[in-house]
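First, one chain by itself: the form predicted alone, in structure tokens.
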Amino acid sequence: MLRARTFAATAMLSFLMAACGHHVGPRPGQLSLGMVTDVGGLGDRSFNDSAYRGLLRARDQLGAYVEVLQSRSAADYQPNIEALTNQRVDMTFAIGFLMSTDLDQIARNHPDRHYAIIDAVVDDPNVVSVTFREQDGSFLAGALAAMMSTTKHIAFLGGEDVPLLRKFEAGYTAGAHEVDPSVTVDVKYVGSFDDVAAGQELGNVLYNGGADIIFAAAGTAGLGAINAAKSRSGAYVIGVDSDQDALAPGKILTSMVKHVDVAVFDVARGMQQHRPIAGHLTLGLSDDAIGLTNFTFTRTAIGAARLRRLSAIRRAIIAGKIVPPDTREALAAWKPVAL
């Protein structure tokens, strides 16, 4: 994938012109969209790439002019958002909860500009906040892992130990215990979303500890867990955010997909139609914004009976019969539901 160079406070601004296929600058009246990636950047095959697909869809279907600035570290967030603000793009997307403080400050200083943030709530009138019910999709991932585990021992590998990732952790653990309360769920955090080597090391630790399936919700670092699974007989990994199944066909049981691309496109379309989306959007299974993949490489291994059971659990979540926990405290109080 074509990559834009990283933007720091002192760096010269450059844009993804080749990727975007536009002349320098938007045409008069053309919708203009900017995006600041989280660390890991484009090519993470996960969270940032999902958001980027939404931006490209807006380019192709709405005729939008798009610009992408990549963040190598948290120090890049503020200058990147400021750079797009100064370019006066119609909508600036901040991709990741770690940008919330910087975005809040900039949005307050520029009340005439429009912004969107993914995975956080910034309570400013010119910011649309988009969050997801990750616990719902993670519940399904945990249920499937419990059905497929031959050791009754699975694991969760998160990026950073923060409230957002605990939604994945709690949902995954509860989903496993919905299927089999005796299943052991090990939990570890990389402490980073972009350290692939650490993700692989911890993946190996979890497999060596007895887990045969790992849900890797760790951004780029999760690619390390996928690498760890490739050479292990009987081991699976579950991908996250984007459909990662093809990265290791047959070894990635499924991916818990979060359709950031759909959210980005919908917000962009609202801008084009001069009806900007405002406030806080929460998206989940019933919006088709969260879910598992189509099991392209693992459908036969999973089998029809397990897939039917998984579909019944999905319907129960949508109907409100199952309410997946989104914190460790809620998980401690949660009980399996008899369907």
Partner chain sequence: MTLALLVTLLTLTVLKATPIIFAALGGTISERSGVVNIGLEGMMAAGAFGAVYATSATGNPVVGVIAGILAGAFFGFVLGVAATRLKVDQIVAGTGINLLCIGGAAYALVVLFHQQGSSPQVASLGTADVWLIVLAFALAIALHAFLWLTPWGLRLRAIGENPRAVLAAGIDPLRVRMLAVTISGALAGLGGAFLSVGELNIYSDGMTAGRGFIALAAVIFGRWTPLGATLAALCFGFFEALQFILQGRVAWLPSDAMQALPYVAAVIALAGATGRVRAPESDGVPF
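These numbers come from a predicted model, not from an experiment. Numbering follows the first chain given and starts at 1. So that the term is clear: the rigid core is the largest set of C-alpha atoms that superpose within 1.5 Å between two forms.
Separately, the form predicted in complex with the partner chain exists; it is not shown, and the next lines address it.
Proximity to the partner chain in the model of the complex, taken as a non-hydrogen atom within 4.5 angstroms, holds for one residue of 173, 129, 242, 220, which is 220.
Put simply, of 293, 50, 70, 298 only one has a heavy atom within 4.5 Å of the partner chain in the model of the complex, and it is 70.
In the model of the complex, the partner chain lies farther than 4.5 Å from every heavy atom of residue 307. Under a 4.5 angstroms non-hydrogen atom cutoff, the partner chain in the model of the complex has residue 227 among its neighbouring residues. With a 4.5 Å cutoff on heavy atoms, residue 150 does not count as touching the partner chain in the model of the complex; it lies far away. Among heavy atoms of residue 201, some come within 4.5 Å of the partner chain in the model of the complex. Stretch-level contact check against the partner chain in the model of the complex with heavy atoms at 4.5 Å: of 188-196, 174-182, 139-147, 255-263, the positive one is 188-196. Annotation for 202-217: interface residues with the partner chain in the model of the complex are 202, 205, 208 [heavy atom within 4.5 Å]. Comparing the forms between the shown form and the other one on their rigid core, the Cα displacement of residue 58 stays under 2 Å.
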